[in-house]
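As structure tokens, one chain now follows by itself in the form predicted on its own.
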């Protein structure tokens, strides 16, 4: 596993005082967060739904809705992304950075064979002839473990299983060997067996292309398996960060302690009420 983080190199991704607001009311949902991601590093981003994880990822990709306002700095390979329009961001998406979304059906066009969709990424960024692009797509679909990749390339998304569709999305995200891959809950929609296979595939493919990864998940076990550092988000702020070992074994913030404890269901006796994060805030208030 390629895990370089913290070796003194210039960060691939540097986020500084990132603030995100929405709508006419300018409601702020991300409150001045800062973090960095080194070349080849895996960084986990955890927290409950609505904490700002996905919004942060979409801000990096420049995919937020038009009513969003972004301030602060997002630098990718030294280039400032905040303030760039689609015309400037389009050449970067799929080439320098890419994203694996939670639900592959929303990431794939239902009216187009998946092979054509993956090929579009090559045609846009590498300007390959269509025949060469088709051959490369079939090769990559085979590399991500899809049987009979020629047939899969000609299939429409609805004809594939959830695990197959997610493998197609992984292939699409990695085919141009980007420097940064953002994974937003990439296995949540899959059953446990398929989830394990896709995670193993993702781990191997990230190593193969040498990409850095920002991995968003609610599953602490998956983050501990795939990442070396972790950020904990709550209500649009980063409340704790550090190595996976440090944060998951000796968390300092009550919210993180609650997350870690509630993930350890093996420690709950039969018939005992499951702990909640609020329990740990209450305990903190009493001490």
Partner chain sequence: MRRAGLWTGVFLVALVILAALVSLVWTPYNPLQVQPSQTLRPAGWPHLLGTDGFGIDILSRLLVGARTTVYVGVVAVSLAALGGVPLGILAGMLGGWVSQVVLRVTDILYAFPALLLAILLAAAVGASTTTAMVAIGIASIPAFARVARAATLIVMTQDYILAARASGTSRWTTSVRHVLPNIAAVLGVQASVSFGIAILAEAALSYLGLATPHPHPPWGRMLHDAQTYIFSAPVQALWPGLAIALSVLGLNLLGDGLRDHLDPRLREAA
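Residue numbers count along the first chain shown, from 1. On a predicted model such as this, the values are computed, not experimentally measured, just so you know.
Missing here is the form predicted in complex with the partner chain; even so, the following discussion is about that form.
Contact annotation: the partner chain lies within 4.5 Å of heavy atoms from the stretch 55 to 63 in the predicted complex, the single such stretch among 55 to 63, 248 to 256, 219 to 227, 29 to 37. With the partner omitted here, the residue from 148, 139, 109, 203 that has a non-hydrogen atom within 4.5 angstroms of the partner chain in the predicted complex is 109. The single contact residue among 190, 74, 211, 121, judged by any heavy atom lying within 4.5 Å of the partner chain in the predicted complex, is 121. Remark: residue 207 does not count among the residues lining the partner chain in the predicted complex, judged by a heavy atom distance of 4.5 Å or less. The partner chain is not drawn, but in the predicted complex it has no heavy atom within 4.5 Å of residue 194. Taking the partner from elsewhere, residue 90 is found to have a heavy atom lying within 4.5 Å of the partner chain in the predicted complex. In the predicted complex, no heavy atom of residue 178 sits within 4.5 Å of the partner chain. Using a 4.5 angstroms heavy atom cutoff to the partner chain in the predicted complex, all of 94, 97 and 172 count as contacting.
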